[in-house]
Ligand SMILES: Cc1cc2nc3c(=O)[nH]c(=O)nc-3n(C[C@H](O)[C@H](O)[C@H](O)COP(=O)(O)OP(=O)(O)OC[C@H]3O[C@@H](n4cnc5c(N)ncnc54)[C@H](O)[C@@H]3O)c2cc1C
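Heads up, the chain below is alone and in the form predicted alone; it's given as structure tokens.
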Amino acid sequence: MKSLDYIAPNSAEAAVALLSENGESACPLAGGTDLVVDLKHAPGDIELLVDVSRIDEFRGIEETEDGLRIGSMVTYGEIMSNPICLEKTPAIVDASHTIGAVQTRNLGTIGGNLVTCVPSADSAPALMVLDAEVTVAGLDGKRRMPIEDFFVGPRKTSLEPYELLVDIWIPKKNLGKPSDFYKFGLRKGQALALVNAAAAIDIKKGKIIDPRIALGAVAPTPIRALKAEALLANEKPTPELIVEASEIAVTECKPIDDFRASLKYRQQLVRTLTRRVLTRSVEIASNR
């Protein structure tokens, strides 16, 4: 790998300014688990690494009056051991456990996983079912958006030039919401998901309230199964209803045939994983 210049700014504003001043020759560095590999094989015009991993406003996990804030530079290892996440966002913890090896989880960041924006990103479905929002910083200051709006296409986010992902927010009303995550890969560890799925629901007076279903590796971006959610809303959580919702979820996906799995196999995985995460979420909600 060729030699690169390196700067570690101490604020989001300074990092954005450096990226803007240096244009296409500069690149932000977070955990580096994806970027360093890319630079070894195709460095392109990159001459400067802007290390954002030490910026305080990008770090930390804290519960506030608005909800749970997770800094974009928080590692999977931090999420897996954090008492607030373990208690109030277990699906995000479960997703973190499935990512890479121990070394990757201790270095890789949740923000990096989202910015890389591969369809199989494991953190995305678990965040989507909790109605997460993301904050980004750019030349015009900061803005916040629903996480679904952050994903545009394979490896393409809605980040404008020189914008950086600052943090992820889980609304207070969704902290502790019954949820579940499941990933299926070709092996138990260090595998890309053939399909991943997450669900979150509440049950009030015996009926499902605010159902959420999210799926990964089945479309150009992680998606919500909106039609399946609509079927579940305000209905009694019966096994038959869950099976029907799982069938509808299959129709909302656009999986591909590739060397890792066929389209039909991925459709069957969507059917099975959706049923599993919904069933588990109902069990948790029913036992509260």
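Numbering starts at 1 and follows the sequence shown. In this text the structure is predicted, and so the values were computed from the model without any measurement.
This protein has a second form, the form predicted in complex with the named molecule, left out of what is shown; the following refers to that one.
Of the residues P255, G67, P237, P28, which one places a heavy atom within 4.5 Å of the named molecule in the predicted bound form? Result of the distance check: P28.
If you check C85, I147, I99, I203 against the named molecule in the predicted bound form, which one has a heavy atom within 4.5 Å? Checked against the cut-off, the match is I99.
Is there a heavy atom of E163 lying 4.5 Å or less from a heavy atom of the named molecule in the predicted bound form? Contact check for E163: yes, within 4.5 Å of the named molecule in the predicted bound form.
Closest heavy atom of V115 to the named molecule in the predicted bound form, within 4.5 Å or not? Within the cut-off, so yes.
Closest heavy atom of I248 to the named molecule in the predicted bound form, within 4.5 Å or not? No, no contact at 4.5 Å.
Answer for K183 alone: is it within 4.5 Å of the named molecule in the predicted bound form, judged on heavy atom distances? Yes, contact at 4.5 Å.
Where does the named molecule sit in the predicted bound form: which of 169-177, 85-93, 70-78, 203-211, heavy atoms within 4.5 Å? In the other structure, the partner sits against 70-78.
Under the 4.5 Å heavy atom criterion, name the residues of 99-133 that approach the named molecule in the predicted bound form, in sequence order. Read in sequence order, the residues that approach the named molecule (within 4.5 Å, in the predicted bound form) are I99, G100, T104, L107, G108, T109, G112, N113, V115, T116, S120, A121, D122.
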